[in-house]
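The chain below stands alone and is given in structure tokens; this is the form predicted alone.
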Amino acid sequence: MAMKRLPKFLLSAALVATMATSFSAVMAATPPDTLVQAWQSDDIISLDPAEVFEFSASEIMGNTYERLVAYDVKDVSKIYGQVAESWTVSPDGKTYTFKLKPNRKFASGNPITAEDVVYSLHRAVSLDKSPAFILGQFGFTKDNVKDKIKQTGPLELTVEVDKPYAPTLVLYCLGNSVASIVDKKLLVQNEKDGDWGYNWLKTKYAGSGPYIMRDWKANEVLVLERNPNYEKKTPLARVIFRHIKETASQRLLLEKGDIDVARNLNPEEITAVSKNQDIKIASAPKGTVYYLGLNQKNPNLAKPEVRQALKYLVDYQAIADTIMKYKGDVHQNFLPKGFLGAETNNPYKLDVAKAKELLAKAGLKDGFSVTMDTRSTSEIMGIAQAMQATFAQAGIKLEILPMDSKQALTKYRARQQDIYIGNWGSDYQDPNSNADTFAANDDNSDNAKAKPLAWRNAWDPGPLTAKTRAAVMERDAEKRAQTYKELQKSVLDDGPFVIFLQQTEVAAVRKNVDNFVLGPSFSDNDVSQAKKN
């Protein structure tokens, strides 16, 4: 049987991987045309955009694939066409017509057509992997997607949603990694048993972005190489991500010049390298918030005065200044800064006297005992211990239950916790991503189909659910923003969530590197215009 010929851009993977692992061994400085990053990338399980739902792989998708639309990372309200040249929305708000930019090519050399875009969206919905709900929320199913998303010309297609949603919600979701445009011809060539090329694409590449995913060796190295067919040539020939788990090793390699960027340094290491004249610090707020979830099945936590008391028993600023230094800022609302309608007021601070007063009103003047399910990471454990100390000042005996992430999430998803400490990352840039989980709960029964964070904490938000559902239909941006402000205030005042930080991502970068961009989402971290002086 004859072997299939692979496109030129997929050849020489072994050669590039060998280059990647040998660079630092043979030279003190990285090559001038190559950016070498050290990061903890063991969360990558697939490189198929229809399946990618992890932070590290999302970043790779952002630099290797394109979507119909994208947004300005400095002002996410500015949505622009990436592969789309223009789009219109029908008067009834349900049909989106996209016209594509002409003369665009995939890395393979195949032209980008409406047929590819339609195939990509059909594929994502039909494969139905973890991120497929981002498209499925608009009424698309395996059975109807071919009728709802259609090619109407060589460079034109229509997308018909089931309800007249706010257009920005639809566009942000079409700009998500799950809606990345893949090379249909290449995927069909590598399809087996009707799998949409899934088993091939898990480790290969079929995109049109600024870089080609050249090679990936799990838990070792991932290599990107310049896409010669991309409309704006990348200044660098390649970008190499080396999986280096130990932060101390990342710091040492950065200081020696063996890598250009260290992605996972701890606060002490960031402080130390920031004093090095050859190193600079890059940072950006992310769409991730840290919070406590208070299970309303616990009779004490179900008391509104107790929920308020706990919000006064967190030393927000101390946590931000010490345990989460460089990595988080005080933030108490469910919408991260940068989102439409996001509130930035932080009314709660450590106030033990106020907390005691509220506990007395709840009939718990001597406090009570409660447990906290805690993932065994240094940051989360450190935060939990800080809260244990401040809770104790009001007589609340907090028992920390350390466990791995899988165990903690399994209990949380079954509503078996007292208090859960964790973080929530927005799935897409629209405020509904967070409102839908913090402020809405359509069915609070144990066997509910949808299980948002409100459900996991057995909280029925009452009228907030209907208000959240109405917000996705509001096409006036100002009115929509106002609704989200009101929802945030309601949850802040009475909800079973103690939101305390918004994540900041930090990277230590050699000073000769310019245009290394950290964006609001991990898929927005951009090296397409990074260069070296």
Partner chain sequence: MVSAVMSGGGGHVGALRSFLKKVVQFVIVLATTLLGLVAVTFFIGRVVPIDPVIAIVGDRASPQVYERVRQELGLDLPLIQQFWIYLKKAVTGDFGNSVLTTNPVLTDIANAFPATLELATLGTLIGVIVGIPLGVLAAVKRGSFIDQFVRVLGLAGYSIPIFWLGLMGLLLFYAKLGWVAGPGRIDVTYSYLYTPVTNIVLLDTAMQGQWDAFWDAVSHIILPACLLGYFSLAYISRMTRSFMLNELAQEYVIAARVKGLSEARVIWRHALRNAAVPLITVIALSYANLLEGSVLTETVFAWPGLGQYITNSLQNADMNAVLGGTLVIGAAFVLLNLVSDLLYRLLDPRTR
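Positions refer to the first chain, counted from 1. What you see is a predicted model, and the numbers here were worked out from it, not measured in a lab.
Note that the form predicted together with its partner chain isn't included here; everything after this is about it.
This chain is drawn without its partner chain; in the predicted complex, the residue among Asp75, Asp147, Glu399, Glu246 with a heavy atom within 4.5 Å of it is Glu246. For the options Ala124, Ala435, Val306, Ile240, the residue carrying a heavy atom within 4.5 angstroms of its partner chain in the predicted complex is Ile240.
Heavy atoms within 4.5 Å of its partner chain in the predicted complex belong, among the stretches 353 to 361, 173 to 181, 313 to 321, 202 to 210, to residues of 202 to 210. Heavy atoms of Arg413 reach within 4.5 Å of its partner chain in the predicted complex, making it an interface residue. Its partner chain in the predicted complex comes within 4.5 Å of no heavy atom belonging to Ala389. Residue contact with its partner chain in the predicted complex: Lys99 places no heavy atom within 4.5 Å of it. A residue is said to contact a partner when one of its heavy atoms sits within 4.5 Å of a partner heavy atom; Val89 fails this definition for its partner chain in the predicted complex, lying far away. Within 4.5 angstroms of its partner chain in the predicted complex, the stretch 206 to 237 places a non-hydrogen atom from each of Asp215, Trp216, Ala218, Asn219, Glu220, Val221, Val223, taken in sequence order.
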